[in-house]
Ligand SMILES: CC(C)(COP(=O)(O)OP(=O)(O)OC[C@H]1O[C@@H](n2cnc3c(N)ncnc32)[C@H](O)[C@@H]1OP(=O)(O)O)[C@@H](O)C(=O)NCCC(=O)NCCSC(=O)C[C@](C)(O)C(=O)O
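The data below hold one chain only, encoded as structure tokens and taken in the form predicted on its own.
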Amino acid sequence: MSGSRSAKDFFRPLAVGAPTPLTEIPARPSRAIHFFDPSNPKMAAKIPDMVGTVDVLLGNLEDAVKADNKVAAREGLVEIARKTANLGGQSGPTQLWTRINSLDSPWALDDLTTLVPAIGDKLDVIMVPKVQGAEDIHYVDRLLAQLEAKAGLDRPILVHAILETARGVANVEEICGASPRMQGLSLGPADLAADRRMKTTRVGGGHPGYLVREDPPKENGVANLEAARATYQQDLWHYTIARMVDACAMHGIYPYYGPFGDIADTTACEDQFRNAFLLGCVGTWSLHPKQIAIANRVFSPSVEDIAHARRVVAAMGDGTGAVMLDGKMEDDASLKQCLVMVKLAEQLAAIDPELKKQYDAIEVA
């Protein structure tokens, strides 16, 4: 059959000497992916002190880096990775990611051919912007295999795609399944809004014009259309996030919310992050240090949720049947939901001493 290949081939290296592809993507905590410009000396100077305080530090080479600074950003990232202790790799408390330039840009190829030989052992994930379909992932996949083989790396660098175009969203399932390297997806709301011709200039978040309005009150059976009526702002990104979450879950990879551009509005930022968390996202982007604390709080299960989850797990025994707790029925489906929360709490407690203290203090009655 033209174009087909054996499922066994999927987990064979795409280049002689390249590391064997992973059969399962590790669930490493990544509540906040904090972006920094490696060409900015002030930002670069802060990186060593941020290790251990944020799950992921991402050296941004694409948007927000001027064309004249592209080479400086690339070289700055190499220097930061080499000089910063405990950053990146499998054992560090903080992962090191990078967002390369778009694949149709003059800089993307040099990004990859420079970074992989120089700091491939430190890079955990490469974020690829404006992914349109599986072909983009296939290109990066093969190139990374060749570069890894040449550099003598013993583990594959993972790939993360940003959904920033209507075509990318339409092809989300094939993007998720395009390579064993796929680590996850992020929502890119600003570029996606422009590509869809959405009528918003905000970077993420809601819009006051996207709303529903309650029905008019009736007086003597007649609707009073002049009466004041409450409105409720809706989430512009609910559909896209939900579709992204389903595609990631299907392929065993991880969905993330993207940027929230209004740095000052921490309340709306927290609301948007929580919406994404409840829908299934495991983390989000941070554009300013104040958003790290929000992300760490929102994408960590609350003590109350973990206390309830542990009670259900303890009460369910072998996981079959049903029990009543606080007047509510809990069954095998409830147990599965609770196990998701308990497992996440265990992963976060392993890297976050304060959370571990809070979770360890829970007593299951």
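Computed from a predicted structure; not experimentally measured. Numbering starts at 1 and follows the sequence shown.
One more form of this protein should be noted, the form predicted in complex with the ligand, which is absent from this view; the next part is about it.
Practice problem: Just superimpose the C-alphas near the binding site, carry the ligand over as positioned in the model of the complex, and say whether the shown chain is open or blocked by the 2.4 Å backbone or C-beta rule (3+ atoms for blocked). | Solution: Judged by the transferred pose of the ligand in the model of the complex, this form is open (no ligand atom within 2.4 Å of backbone or C-beta).
Self-check item: Partner proximity in the model of the complex: residue 285 to the ligand, non-hydrogen atom cutoff 4.5 Å
Solution: Yes.
Quiz item: Is residue 168 a contact residue for the ligand in the model of the complex, using a 4.5 Å heavy atom cut-off?
Solution: Taking the distances in the model of the complex, the answer for residue 168 is no, it never comes within 4.5 Å of the ligand.
Quiz item: Counting only non-hydrogen atoms and a 4.5 angstroms cut-off, does residue 191 reach the ligand in the model of the complex?
Solution: So residue 191 counts as contacting the ligand.
Exercise. Spell out, yes or no, whether the shortest heavy atom distance between residue 99 and the ligand in the model of the complex is within 4.5 Å.
Key: Heavy-atom contact with the ligand at 4.5 Å: present for residue 99.
Self-check item: Single option in 64, 27, 303, 315 placed near the ligand in the model of the complex, where near means a heavy atom within 4.5 Å
Solution: Here the answer is residue option 64.
Quiz item: Just one of 252, 89, 289, 152 has a heavy atom within 4.5 Å of the ligand in the model of the complex. Which one?
Solution: Result of the distance check: 289.
Quiz item: Among 27 to 35, 294 to 302, 336 to 344, 319 to 327, which stretch has residues with heavy atoms no more than 4.5 Å from the ligand in the model of the complex?
Solution: Result for this chain: 27 to 35.
Self-check item: Partner contacts for 243 to 279, taking the ligand in the model of the complex and a 4.5 Å heavy atom cut-off
Solution: 259, 263 sit within 4.5 Å of the partner.
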